[in-house]
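The chain that follows stands alone, in the form predicted on its own, written as structure tokens.
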């Protein structure tokens, strides 16, 4: 008979119980019989009959042993010559659009020194292109979304910049128009935006609250950290302007969580201090962190030692999150909640995100980009709202970014969640949107292993909490 072998399961222990995480994205809590089977196969090559005999010799009944082996084969925990099926490289065509990121302007009233608006993939607004989106382009963009999202029950519009609120009057008109379009098609449309918070006014806050618009504020912590790089053009720090406006937003807009988004740089790595300030002092519902996207030779780029410090603090917050979950309390560390959501849903990604697939970014000129980070980068434009997507360019982008092409990823247990990492980060670092983010591999594996353990502990000790996901 054909020898059996453990397939690519990542095994781990949580709350004293054994678990396995599969390349399919599935998580299994292993019974004793399955753990024994894996141990036996790791000791040496066995065919199915020999494995059954080994289990029986260790006290597992014949019926349970047979059931265990069949279930393990079905779940692809073990196998013979059969290999895991390859993931299809191309999505079902046409793939309906779900999320539109409208870059209402590429202008900003801040001069954050790490902003990718003028990063390695572009230097300025291309000549002849508008800096602010007009109504005709916005209307055409919304129309494009609803045509391309036919069959979707719900769609999303995210407003972005530059500084989004510099074009607030257009934002108002888009919300009104998109709600009408959604009602005509029996769909639901959700709105969100990202802002630096400096232009929030009582009128704007009232509108955001009344329209139930999700808000993420880019803020890097208390003034001594935020004001290192998030500054006005004259070098003045922005925290003193933002903080009172954020407090007013949080006091009025209570219909959905308000999040803070922190960019970590070489000098801004005090994750615990930043989380405490934003969550407990200012009162944000959720706080999320992301390392700056940049080439490695920038002074604000985080080196390996800095990433290690960040991971250690992430570990502390993740364990705090677990403790809160075991008490049925929310915590607010969105990095761990986002990862646990994907684990619970059994996510197995062909691509790192929905860029160019279920999501596109639209620039002020109406150019279609794979996502907001590629807006106004002519080299990555996929089309225009007036003519639609160039399907050949879209297919090339998606082919480059598919996990099957990232050979460095094929033996990594974290690939169902990572799929090689951000397309834009890959281009900035390696000049290729499909290149795996190799500089983050160890970090991602450690983070994924940590989140799997946290998930397993919650699943074993308070499974009802997982209904949140």
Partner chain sequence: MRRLRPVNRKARQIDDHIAATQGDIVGLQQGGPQPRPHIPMGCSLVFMPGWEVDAAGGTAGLCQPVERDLYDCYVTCFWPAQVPDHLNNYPDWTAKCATATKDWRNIDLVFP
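If you're wondering where the values come from, they're calculated on a predicted model, not measured in any experiment. Numbering follows the first chain given and starts at 1.
There is another form of the same protein, the form predicted together with the partner chain; it is not shown, and what comes next is about it.
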property	result
Residue among 432, 47, 408, 70 with a heavy atom within 4.5 Å of the partner chain in the predicted complex	70
Contact residue in the predicted complex, from 427, 440, 28, 413 (heavy atom within 4.5 Å of the partner chain)	28
Option from 342-350, 151-159, 168-176, 136-144 whose residues, in the predicted complex, bring a heavy atom within 4.5 Å of the partner chain	342-350
Contact at 273, 333 and 448 by the partner chain in the predicted complex, all three, heavy atom at most 4.5 Å	no
is_contact(residue 418, the partner chain) in the predicted complex, heavy atom dist at most 4.5 Å	no
Contact test in the predicted complex: residue 75 vs the partner chain, heavy atoms, 4.5 Å	yes
Residue contact check: residue 64 to the partner chain in the predicted complex, 4.5 Å heavy atom	yes
is_contact(residue 459, the partner chain) in the predicted complex, heavy atom dist at most 4.5 Å	yes
